[in-house]
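Take a look at this single chain in structure tokens; it is the form predicted alone.
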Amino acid sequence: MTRTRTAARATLRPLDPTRIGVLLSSINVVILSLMALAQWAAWGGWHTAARLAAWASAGEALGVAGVNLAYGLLIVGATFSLRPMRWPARALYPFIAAVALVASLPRVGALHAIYSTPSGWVFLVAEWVSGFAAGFLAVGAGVLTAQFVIRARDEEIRRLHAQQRAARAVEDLQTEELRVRRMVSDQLHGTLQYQLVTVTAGLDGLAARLAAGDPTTSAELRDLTERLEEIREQEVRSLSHAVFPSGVDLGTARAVEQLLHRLPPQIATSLDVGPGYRRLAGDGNPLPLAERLVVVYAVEEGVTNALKHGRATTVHVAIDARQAGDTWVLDVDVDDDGTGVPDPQPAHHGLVRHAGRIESRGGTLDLGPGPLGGARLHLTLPFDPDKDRALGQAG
């Protein structure tokens, strides 16, 4: 969780609330200094200074502006140097008020030393109070803005953290789904088939012993034996493949190759593996197991649609991988010479479920006209070649 929050904070680093608060407070100080300068000129300070010398007006104007600017920046520095944005309001704003109240005293003293400013007690008290109020408002507004930025950033971090937890939960569910699929497939392919083979052998032996005495019973037993063998060979194997496609442990290309080999011999099939995928496959299975299943099931659905709806006699599958920035993308084309798709932009029908799985992983699934005269199913799927290796699950 700490690593997640750290990564999220690193992503949001450009929104530094302290810098934003200092910047806004400094802008407020500059504006208030200019307003104080304008007020000084309006009260006759400019003309009073001009009676001393021609240059005195400009010099004392700079003095008034400089005193107010230094006063404001002093409050800004004293406040933000302690980074009090996460302090409770009952401590934060009295602190700013105290800093402004104390810093306003030397400000009044500095203004009193300037010849053109009034020197009466009423003026000094008024300047002390107004300076305190101006400094408090200028810095308080900056601190309040910084607090809003912090709250927005914290809320964004919580949102990102929730998204990451949801993504991890989905990934855990998918991992559990793969585990259950593999377990069920192993049970079907191993234990259930073994039990069926054992029963078949027992019935076969019983039929042999009955052959001499009761030929009719023996024939019925042999029919049952053949039926059990048919169930084991076709139904159990088919169900096992549906749960966990054969060859998927060996890689995407091998699983698709075995899928094509199971088609009837009158269907011409071909598989083209591109150089990008071959280069990655040299280091093992480049596609993580979960992504492999997504691709194999989508290709299987595309081939089924080509034969069932398009009455195709030729199926060609092309697989390649390319690098896109920091990630890799798998490209798969399933082309056929069937009747094609009647609508230029057809709905995916049975492919909707597969499209949802692919799009949830950042990929795409498109169905349209193909170069063989039939349809083309094109899918892209981003993947991390090191994901399974990092998890110690290289298949």
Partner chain sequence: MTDQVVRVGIVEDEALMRGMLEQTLSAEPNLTVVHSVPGVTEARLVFTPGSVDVALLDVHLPDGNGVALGVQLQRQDPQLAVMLLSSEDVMGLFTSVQADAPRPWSYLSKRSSFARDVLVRAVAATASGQVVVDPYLVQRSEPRGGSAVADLTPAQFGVLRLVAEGLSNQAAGERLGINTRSVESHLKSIYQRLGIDGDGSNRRVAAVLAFIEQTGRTWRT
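Predicted, not measured: the structure shown is a model, and the values here were computed from it. Residue numbers count along the first chain shown, from 1.
Just so it is clear, the following notes concern the form predicted together with the partner chain, a form of the same protein that is not shown.
When the partner chain is considered in the model of the complex, only one residue from 249, 177, 156, 272 comes within 4.5 Å through any heavy atom, namely 249.
Proximity to the partner chain in the model of the complex, defined as a heavy atom within 4.5 Å, holds among 206, 197, 263, 239 only for 263. Although the partner is absent here, residue 227 sits close enough that one of its heavy atoms falls within 4.5 Å of the partner chain in the model of the complex. The partner chain is not drawn, but in the model of the complex it has a heavy atom within 4.5 Å of residue 232. Using a 4.5 angstroms threshold between heavy atoms, residue 258 counts as touching the partner chain in the model of the complex. Looking at residue 73, you'd find every heavy atom of it more than 4.5 angstroms from the partner chain in the model of the complex. Note that among 177 to 185, 101 to 109, 120 to 128, 263 to 271, the stretch whose heavy atoms approach the partner chain to within 4.5 Å in the model of the complex is 263 to 271.
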